[in-house]
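Let's start with one chain on its own, the form predicted alone, as structure tokens.
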Amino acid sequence: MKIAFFDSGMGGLSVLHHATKILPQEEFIFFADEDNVPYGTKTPEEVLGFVDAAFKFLIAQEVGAIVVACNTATSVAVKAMREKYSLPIIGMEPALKVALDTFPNKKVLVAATAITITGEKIHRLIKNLHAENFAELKALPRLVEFAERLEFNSAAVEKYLRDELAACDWKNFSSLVLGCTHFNYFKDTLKKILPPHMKILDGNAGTVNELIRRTNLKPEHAEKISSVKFFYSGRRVTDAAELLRLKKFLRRLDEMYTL
């Protein structure tokens, strides 16, 4: 099956990266809307327009399913896309339920973009999980900018995270949930900053599991190289420098995979 992974930028590569590990027999398209990244600072109306344009392109590629590997785009646009298109559309959801089930009666910090933090979807999730007293939200928008320029573990990244998280009283928390796929590139720096008891959780495995469930695909743990075509805002990536850039992102994800 040809499966599309869509994101505003390079964050969604972390979801694709996981999918290639367990679905190596499938054919993948990765669409990064590099012309409009970051989505987290845009209006919902702008994001909806960007996502709609990307979907039109991906549908034309005759994909069998689309994974919206972007929490911001999921929050803003997945409902509308499911109403418009009949193929399986899988969105991202922060691993809040996993954190609450694993660590009952402990607080969870959900880090995401500003538009996700203020969106209806995350607040509905918190309400449905009866987690109003256990979930706190934190916007970390600059991590998207750092990731897009391949700045993963610099002094500036560490200072930004230390400053932004300084007010957290970690003894009351069990875990940090990464509510933006771009944030997966910074797990080592986050582990450096967080106390040892804090767990870092993301929604990548859950999203790929939902893809498998919705499409009846069969996981296959084999040493195969998946077929992936990369597109930037609808343009096929063939330039050697850009392909090297993508390899750097994927190499970084290999480093972060078991953290």
Ligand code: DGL
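Start at 1 with the first residue shown and count on from there. Everything numeric here is computed off the predicted structure, so don't read it as measured data.
Absent from the display: the form predicted together with ligand DGL. The rest refers to it.
> Would you mind picking out the stretch of 55-63, 207-215, 189-197, 33-41 that comes within 4.5 angstroms of ligand DGL in the model of the complex, counting non-hydrogen atoms?
That would be 33-41.
> With the cut-off set at 4.5 Å between non-hydrogen atoms, does Val144 touch ligand DGL in the model of the complex?
Contact with ligand DGL, yes.
> So, Cys180 and ligand DGL: in the model of the complex, are they within 4.5 Å at any heavy atom pair?
Yes - in the model of the complex, heavy atoms of Cys180 and ligand DGL come within 4.5 Å of each other.
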